[in-house]
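Here you get one chain, nothing else, as structure tokens; it is the form predicted alone.
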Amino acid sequence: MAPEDFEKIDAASTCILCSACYSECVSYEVDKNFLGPAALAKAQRFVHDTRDLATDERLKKLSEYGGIWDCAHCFNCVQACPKPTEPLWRILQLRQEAHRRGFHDNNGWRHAYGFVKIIEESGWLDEAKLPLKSVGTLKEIVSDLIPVGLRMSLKGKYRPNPLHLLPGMHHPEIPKMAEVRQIIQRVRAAEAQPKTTESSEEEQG
């Protein structure tokens, strides 16, 4: 491997599988189907290994339930890790690579994309819209979202405004909303630009 390619997997290669990250992981605590920080850090080591030929196959599996999108990014794994592995950052690298390669047919990616789209509307996060943008089927809306929404309403945690769910309807815009949209547009433009060797080396440095 070229030195610049090895730098992409260097941190993940330092993992000693001590499982300290699992003892602090809130996502693993509530759902044992979550692969967990160490496993995902090891996955990043293979996904970004230029000698590996199963990158797309790995990312497809990692994008499913229990994989990269189920991390709550609480940073506990980073604090618990005795090595420079920093599992959370490896998970974020996997998300970026999955996005770059077009693995968008999952609730995790839809959730992240929906989050940005809602912020782009008015600057506010409308939590009534986010679940709707996160799921992919009508069945999930009926079986999962409606019962949760009803329970939240009964406990006073959610007071829906039905008008905000209509296309084009949202909260009043925050001050300087034009600047927020400009930031989002610049990020999208940067993502659309092909990376040059020089820019990649600067990012790694």
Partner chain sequence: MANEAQAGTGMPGKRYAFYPGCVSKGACKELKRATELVARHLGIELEELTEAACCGAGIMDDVDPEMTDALNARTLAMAEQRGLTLLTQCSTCQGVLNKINKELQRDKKKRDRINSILKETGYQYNGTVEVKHLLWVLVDENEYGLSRLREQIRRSLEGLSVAPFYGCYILRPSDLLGFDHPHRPTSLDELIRALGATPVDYNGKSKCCGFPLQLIHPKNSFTMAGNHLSEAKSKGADLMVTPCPLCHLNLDARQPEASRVLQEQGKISGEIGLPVLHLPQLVALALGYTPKELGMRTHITSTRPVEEKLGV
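Numbering follows the first chain given and starts at 1. Whichever C-alpha set is largest while still superposing within 1.5 Å between the two forms counts as the rigid core. Model, not experiment: these values are computed from the prediction.
Here the subject shifts to the form predicted in complex with its partner chain, a form of this protein not shown in this document.
Chemist: Heavy atoms within 4.5 Å of its partner chain in the predicted bound form: does residue 172 have any?
Modeler: No - in the predicted bound form, heavy atoms of residue 172 and its partner chain never come within 4.5 Å of each other.
Chemist: So, residue 139 and its partner chain: in the predicted bound form, are they within 4.5 Å at any heavy atom pair?
Modeler: No, no contact at 4.5 Å.
Chemist: Is residue 16 near its partner chain? Define near as a heavy atom within 4.5 Å, in the predicted bound form.
Modeler: Contact check for residue 16: no, nothing within 4.5 Å of its partner chain in the predicted bound form.
Chemist: Can you tell me whether residue 187 touches its partner chain? I mean in the predicted bound form, with a 4.5 angstroms heavy atom cut-off.
Modeler: Residue-level check for residue 187: yes, a contact with its partner chain.
Chemist: Counting only heavy atoms and a 4.5 Å cut-off, does its partner chain in the predicted bound form sit next to every one of 27, 69 and 116?
Modeler: Yes, the whole trio is in contact, each within 4.5 Å by some heavy atom.
Chemist: If you apply a 4.5 angstroms heavy atom cut-off, which residues in 109-125 are near its partner chain in the predicted bound form?
Modeler: Contacting residues: 109, 111, 112, 113, 115, 116, 119, 120, 123, 124, 125.
Chemist: Under a superposition restricted to the rigid core, does residue 144 display a Cα displacement of 2 angstroms or more between the shown form and the other one?
Modeler: Comparing forms between the shown form and the other one, the residue 144 CA shifts at least 2 Å.
Chemist: Superposing on the rigid core, is the Cα displacement of residue 176 between the shown form and the other one 2 Å or more?
Modeler: Yes.
Chemist: Just checking, between the shown form and the other one and with the core aligned, does residue 134 shift 2 Å or more at the CA?
Modeler: Comparing forms between the shown form and the other one, the residue 134 CA shifts at least 2 Å.
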